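Just one chain follows, in the form predicted on its own, and it is written as C-alpha cells.
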C-alpha cells in the first residue's frame, strides 16, 4: 500500500514540475512516506528527519514533507518534535499533495490528518515498473485487531467503484502493462460499503465479482490480489480463482498465530482450524498454488507451548514464504497497554527460531520446482548481474535466468518465457530458457 501511495505522490510531483534528485541530500523537496506498523520503521523516520532539519537551517527554501501512517498517527506532535517540517499529511490525503504544497508555497505550515473521502483520480502515478502495476481497490480497514495501528491511521474502509477500477486497468493495458495486483489492507472486504444485493440475497460487488468483471481486459496477462483476511476468504472466491486463468496461483493469507487463544486475544475472528480448511480447499482446487502468510511471535501472554503451536503450523502447512515479526506495541492499540508483555530477549529468541524454520520450509517447498517448466513474466535485469534477467513465476517465485536463450534469442522485459528450473534456493530460483 505504501509503495502504491508513493507512486501516486511521485506522479503528482512530476506533474507540477519536480524532477527526481540524484541524492536525497541534494533535493529541494524531500517527502518521506512513512510506516508505523513496527516501531523500528517509525524510528527510522526521525533519524532521516534529523538530517534534513540540519539542512534546512542552511537552506531555508528546502521543503520537508512527512506523509503516510506516522504523519497520521503523530499529527501536530511531529511539528513540535521537528518544527522544520512544512507539511504533515496522512495517507488519505495522498491525492491532495499538489493543493497542500500550494498552501506551503503561500507560507503556511500545513497539517492534513482529518478523515477524508479518497478521490478516484489515480492516473498521475509514476510507476516504478512499466510491466507490473499496483491497483488500489479498497482503502482503510474496519477490523479491530488488538495489535494493529492500521485502522486508526488509514481510516475506515472505502471501496472504489468497479467501473473506476476497470477503467484504470484498461488504461494500464493500453500502456503495455502485463500484470496487475489488486490492493487492499483487507481486500476480501472489498465492496462491503457498496450497494447491491443479488436476487439470491448474496451481496454484489465482492472481490470475487470484481475478479470476474476485470478478467477479460485485453493485454493483461496476470492478476494478483493482496492482502487477504481468513475471516472473509470465501469458498466462492477460491473456486472462482481456480476457474479464471489470469488469476495467479498465489495467495497471501496471514494467520498471525497457531494458537486459538492467542488469535482470540488478537481479535482476529477465526480459529486455526478454519485457516487450515481454507488452505486445504485451495490445495484441493489449485494443487500447485503457493501460499504465503504473516505471523507475529511473542504476543503479550504467549506461552512457550503457544509459540510451539505456531512453529507446528508452519511445518504442517508448508508455506512458500512467511513474513515474520516479533510483537511491537503500537500507539492507540489495546495490546500495547496489557501487563503481560514479554521480555525483549524472548522476542529475539523466538523470532530467530521462527526465521530459521521459515527459511528451511521455503527451501523445502522450492524443491518442487527443480527441473520443472515454469512460465516467468520478465520484469527487468538482475541488478547484481546485468547479464541476467529476472521475473516471477505465476506462484510469485523470484527467478533469474540468462538474457540469451539456447537458440540465440534475446529476451526482454515484458515477455513471458518458459524456463526449466535448474537451481532452487530458499527464496528464489534460477532457470534456463527453452528457446
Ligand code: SAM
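Numbering follows the first chain given and starts at 1. Remember, it's a predicted structure, so these values are computed and weren't measured experimentally.
Not on display, but discussed next: the form predicted in complex with this ligand.
Novice: Answer yes if any heavy atom of residue 138 is within 4.5 Å of a heavy atom of this ligand in the model of the complex; otherwise answer no.
Specialist: Contact check for residue 138: no, nothing within 4.5 Å of this ligand in the model of the complex.
Novice: Consider residue 294 of the chain shown here, and say whether it contacts this ligand in the model of the complex, taking contact as heavy atoms within 4.5 Å.
Specialist: Yes, residue 294 is a contact residue.
Novice: Using the partner position in the model of the complex, report whether residue 227 sits within 4.5 Å of this ligand, counting heavy atoms only.
Specialist: Contact with this ligand, yes.
Novice: Can you tell me if residue 92 lies within 4.5 angstroms of this ligand in the model of the complex, counting non-hydrogen atoms only?
Specialist: The answer is no: residue 92 has no heavy atom within 4.5 Å of this ligand.
Novice: Which one, 164 to 172, 283 to 291, 319 to 327, 99 to 107, holds residues whose non-hydrogen atoms are within 4.5 Å of this ligand in the model of the complex?
Specialist: Among the listed stretches, the partner-contacting one is 319 to 327.
Novice: Using heavy atoms only and a 4.5 Å cut-off, determine which of 53, 390, 27, 37 is in contact with this ligand in the model of the complex.
Specialist: Of the candidates 53, 390, 27, 37, 37 is the one lying within 4.5 Å of this ligand in the model of the complex.
Novice: Between the options 362, 241, 263, 148, which residue brings a heavy atom to within 4.5 Å of this ligand in the model of the complex?
Specialist: That would be 148.
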